[in-house]
Each structure stands twice: as structure tokens, then as C-alpha cells.
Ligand SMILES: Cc1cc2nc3c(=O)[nH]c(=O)nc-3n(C[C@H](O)[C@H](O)[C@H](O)COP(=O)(O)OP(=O)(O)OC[C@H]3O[C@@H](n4cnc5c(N)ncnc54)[C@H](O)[C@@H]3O)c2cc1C
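In the block that follows, a single chain appears as C-alpha cells, in the form predicted alone.
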């Protein structure tokens, strides 16, 4: 049974270009069917966008670890889910588990970048959208919303779950919350063999495909931002 935060390697059989499978986070698992959300960014996803019912794809998974549910000392904390762009695909399965016990903050450049917001709004206990142009929700970023949300409140009352651009994750890390983030790294094999998805952490490099993609957000070392 796939868990929220895990991923699958998806490939197009019989093709040499693209040759390798690509990672896609679990979006939905219902009645034995798997669903993935993706944005067309290269040749592989462009070809996938033209698939029709009955076409065949190759999948390997579920792979990687998953978001830990609030347990033990974290049980009393309010889950705070923060998504940027297509990061919502990773967090929606977790939201379906947590439902009204959560706060969901979703940010994008504009309204068109916010996906599945009706489902998110219906599931979350509190939903706040943020767009940089102000076309949906508050004007600003998801990090701006979280900063305002926790101001003057006990940070230990929240448990953060985040997925989105690395710059967003680094900014969230700077807020001093405890929690987890899913790293959206390029992967070639998905099984830890190629070492192409190494993530730098405070305890050394770790493979996103086997020791991730979910990490303690305060252990990740964001060097590029």
C-alpha cells in the first residue's frame, strides 16, 4: 500500500528517447488505481500528455519513505501543510489522512498555478491561498503566509509538512519550525544505485530515492539559495 510522500518511477515502454524512467509522487490511490500529477516540462512529459486510455506505461514503486504522521510527542501539534506549485500533488495524499485537523497553505505565482484548490479547501481545517499577483487568496508567497500565521504563537504548536521549490523550503527552514519536507530531485534509477539524487544534510549526503524523498526539514543543507 503506497503511503503519502512516496513516489513511482514511470517510463514509456519501447522508447529509447527518453530512455530512463522519471519520478512522480503519489497523487491518489483509490480502488486499485494510481494517479499522478505532472506538468509538461520535457520530452517525456510531453509524450505522456498525449497518452489515451488503454496506452501502456511502465512503473516501479512505491519507492522511498513517507511523511510521518503526528505521533508520540508530535501528536498534540497542529499539522501545517505548505505547498508550492505542483508540490500540492505530494501533500494531498497526506491531507486526505489528516483532513480537518490541519492547516493548508498553498502558494503560486497566480491563480492558474494553484491546482485542486476546491479539494484542498474541502479537506483542510483551514485553507489559505497566496499568489504573488493577488489573483487568488492573499497577495504574497506561502512563506509570507506562514510567517504571519506563526507570529506571536508557540512554534512548538505546529508540525510542518512542505513540498515545493527549494527556495521556498529554505525560507521555511529559516522560520524555526519542526517538521518535514519532500525533496523534488532528478532521479535516474529510483533505487539508490546511480547516486544521482544525493541531498546534502547536516549528517552527510543522503539519497532522495531511498533515504528520502521526505527529510527532516532542519537537516537539509540548502546551498544554492
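Bear in mind the structure is a predicted one, so any value in this text is a computation, not a measurement. Positions refer to the first chain, counted from 1.
Here the subject shifts to the form predicted together with the ligand, a form of this protein not shown in this document.
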{"query": "Residue among 183, 34, 59, 69 with a heavy atom within 4.5 Å of the ligand in the predicted complex", "finding": "183"}
{"query": "Contact of residue 176 with the ligand in the predicted complex (heavy atom, 4.5 Å)", "finding": "no"}
{"query": "The ligand contact at residue 42 in the predicted complex, heavy atom, 4.5 Å", "finding": "yes"}
{"query": "Partner contact for residue 86 in the predicted complex: the ligand, 4.5 angstroms, heavy atom", "finding": "yes"}
{"query": "Exercise: residue 172 in contact with the ligand in the predicted complex, heavy atom 4.5 Å", "finding": "no"}
{"query": "In the predicted complex, residues of 102 to 120 near the ligand [heavy atom within 4.5 Å]", "finding": "none"}
